[in-house]
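Read the single chain below, which is given as structure tokens and is the form predicted alone.
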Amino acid sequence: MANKKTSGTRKKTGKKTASKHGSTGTTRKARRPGRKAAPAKKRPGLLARLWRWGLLAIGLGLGLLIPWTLWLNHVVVAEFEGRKWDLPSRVYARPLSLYSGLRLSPGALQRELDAAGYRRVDNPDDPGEFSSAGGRFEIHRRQFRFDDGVQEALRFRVSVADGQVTGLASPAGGAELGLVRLDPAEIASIYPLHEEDRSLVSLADVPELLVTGLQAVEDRQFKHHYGVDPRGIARAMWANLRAGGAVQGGSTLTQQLVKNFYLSNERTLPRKINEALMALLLEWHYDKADILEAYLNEVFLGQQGNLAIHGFARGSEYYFGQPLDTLQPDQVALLVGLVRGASYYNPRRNPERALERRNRVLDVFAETGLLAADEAARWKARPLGVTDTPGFGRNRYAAFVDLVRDQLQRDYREDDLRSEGLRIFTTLAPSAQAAAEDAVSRGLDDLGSRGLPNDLQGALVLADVDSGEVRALVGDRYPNRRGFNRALNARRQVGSVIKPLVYLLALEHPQSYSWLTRIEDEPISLVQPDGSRWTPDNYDKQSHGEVSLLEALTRSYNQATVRLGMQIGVNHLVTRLQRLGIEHPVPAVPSTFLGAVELTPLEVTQLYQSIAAGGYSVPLRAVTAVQTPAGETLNRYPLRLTPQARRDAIAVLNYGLTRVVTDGTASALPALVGAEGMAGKTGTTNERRDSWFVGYTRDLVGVAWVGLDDNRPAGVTGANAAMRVWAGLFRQLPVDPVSFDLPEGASWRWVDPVANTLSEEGCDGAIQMPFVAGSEPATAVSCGGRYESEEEKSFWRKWFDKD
């Protein structure tokens, strides 16, 4: 310790010595004459330092804020100027036209109304509602814009009895109505990839109560602020402080739009600052009307699956199934109330909460003078009035929509379908589609209960005979399951359903063939292109000797058909298939006569459409027109009718196909359907892998297929599987008998089919059948058994034999 003190003293002494003897420069400068020592530099005071730091901070802030604000300004202007919502395309069913005499059951009308989202009530005061009792319906039709103009809402009554419409009139004993067209069901949408659903509406078309009510509830100073409302923020803060939590927001409508349109939902200070800046910029550039219209179309109002419902117009359709301009004040109040929290106040999941919120909004309407107090009380007494399910669904008929897409892709890009808001009018009949789906699902379940595989699959196509419009299409036994569409894509061997074309080719040669022409149903062996021999068997493994063409067709004899085909030539069959719309290659081999050609159910439907239509061929179609969102028609897909050559032979073939149903392989069909007058053909492929049935009435042609996806033997035949599915569909549809009107060049004649001679009406065994001119038997036999040739018949006999 003593040494430390000594050392310290020495250092202190040294400093004093140096100063005393002028040994340092500093001391020398201080002693220069004429110069005063510099005063000590004063440090700036606290205030000054704060000022400097403040200036520095402001400078830095401005240096960053100005370019950031300029960037935000660019974003606001660029996106708002170029704002263009991707709008899904809407797909509509065909509109149902009601008129006295229309074949329609009460159940079918009910299904049509259900599909279109009509709501059953006791008194249909509002559009989109109906009441029914037995066969009497009172319907309040919605307004709808067709391509020929806007159809206004209409309330009317319709009576249905004995399978048809028997009366159509205004309510309360009003005038009879000639024809009423219902607004079509929206059956699907083709959505943008970002999964937003929206219908645009202009500000001028929005109900005034919605415009003013929205401001009254969400932003009363909307007309006066510049994007941010300080008083509103202060008021919200005070309310939240008093409540101890967030109970009131201070964001203006402009801020809400900015948040939805440009920003995310995160709650951070930087986002709030950006929101405020962008709101100010938005108000600086655009007027209130533009901002409000954008808000009305952008606001989030619900969630359907993974689809976000945006905008009041779509919200109205989603919750009420009605256009926005038809809403009542209570419905407007509910939509306005959903702005605060569409999920929290979801009226379908939380009806009590939604009702409370709606009534609170109605109170605000009354407080602000938008509604009288008693009027608001009256609207508050009403139920929510929300439909149980949305009137539209995400591709309710996915298999049919696949066909719609296939047709549209010839004219439209996929991006356009997903973003341009096109209005697509299709041919689908919802009631027929429901019947087809039921027929496939129940039919396959029934086949499983009969010992056939439980994993059978099926497809069904139904089309209008004359127009070729596809009314229903099912591609899976579970119709709502999306995936492989068997109606369009399952290319399977068609079996005997191709045979009628072989007989048609024969009937087109009247000098050689008629239904009474005899042909051998005997074994036949043919050399295949690969050198192997092909020896077809009949289904019953027996040969039947000499048979008529009519018997060969109705009994579906393979050996007779192959023999006939070999006389006609396989190339003629291939050419006819191509002429009827089969675009892919068909092998020109004898087995094609028995259906060793792979077609889809839709292609088979196309083949039979022209036969069912008596020789008038039209391409099957699912789309009739496409419009812009504003209603401008972009494309129409009109009927393109092509008369086939030899309509006389087709008419005669029609007769043969009716005999398949009455006397042939489909003879069980009338009992299954409970009706007469149908035509059709069964089809079975090797080892019972595929079951087909094609049948038609006067107005409708349907094709059913049943089999296994992996093409294993399934134990099915045309009659034991597909025909039952087909019957399940037509049991639910009007069945009008096939027309037997014959075109020029064909006529009905009384014949003795055993003797292959002309006969007289009333003779034993005489039947009447059609013949292509020139194919009739050359010999006539009277009831007395006297033979005479055609040339020997008197003028009057020839005259009266004609039908």
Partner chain sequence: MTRIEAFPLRPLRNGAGLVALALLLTACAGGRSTPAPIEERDVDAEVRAPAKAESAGVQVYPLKNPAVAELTSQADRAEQSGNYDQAAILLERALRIQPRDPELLQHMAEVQVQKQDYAQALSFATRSFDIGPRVGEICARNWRTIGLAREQLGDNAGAREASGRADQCMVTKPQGL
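The shown structure was predicted, so the numbers you read here are calculated from the model rather than taken from an experiment. Positions refer to the first chain, counted from 1.
Omitted from view is the form predicted in complex with its partner chain, to which the following refers.
- Taking the partner from the other structure, its partner chain in the predicted bound form has a heavy atom within 4.5 Å of a heavy atom of residue 641.
- Using a 4.5 angstroms limit between non-hydrogen atoms, residue 757 is distant from its partner chain in the predicted bound form.
- Within 4.5 Å of some heavy atom of its partner chain in the predicted bound form lies at least one heavy atom of residue 178.
- Within this chain, residue 185 is remote from the site of its partner chain in the predicted bound form, having no heavy atom within 4.5 Å.
- When its partner chain is considered in the predicted bound form, only one residue from 711, 635, 100, 578 comes within 4.5 Å through any heavy atom, namely 100.
- None of 225, 90, 418, 647 but one reaches within 4.5 angstroms of its partner chain in the predicted bound form through a heavy atom, and that residue is 647.
- From the list 612 to 620, 530 to 538, 570 to 578, 313 to 321, the contact stretch for its partner chain in the predicted bound form under a 4.5 Å heavy atom rule is 612 to 620.
- Not one of 86, 194 and 327 comes within 4.5 Å of its partner chain in the predicted bound form, counting any heavy atom.
- Residues from 448 to 465 that approach its partner chain in the predicted bound form with a non-hydrogen atom within 4.5 Å are limited to 465.
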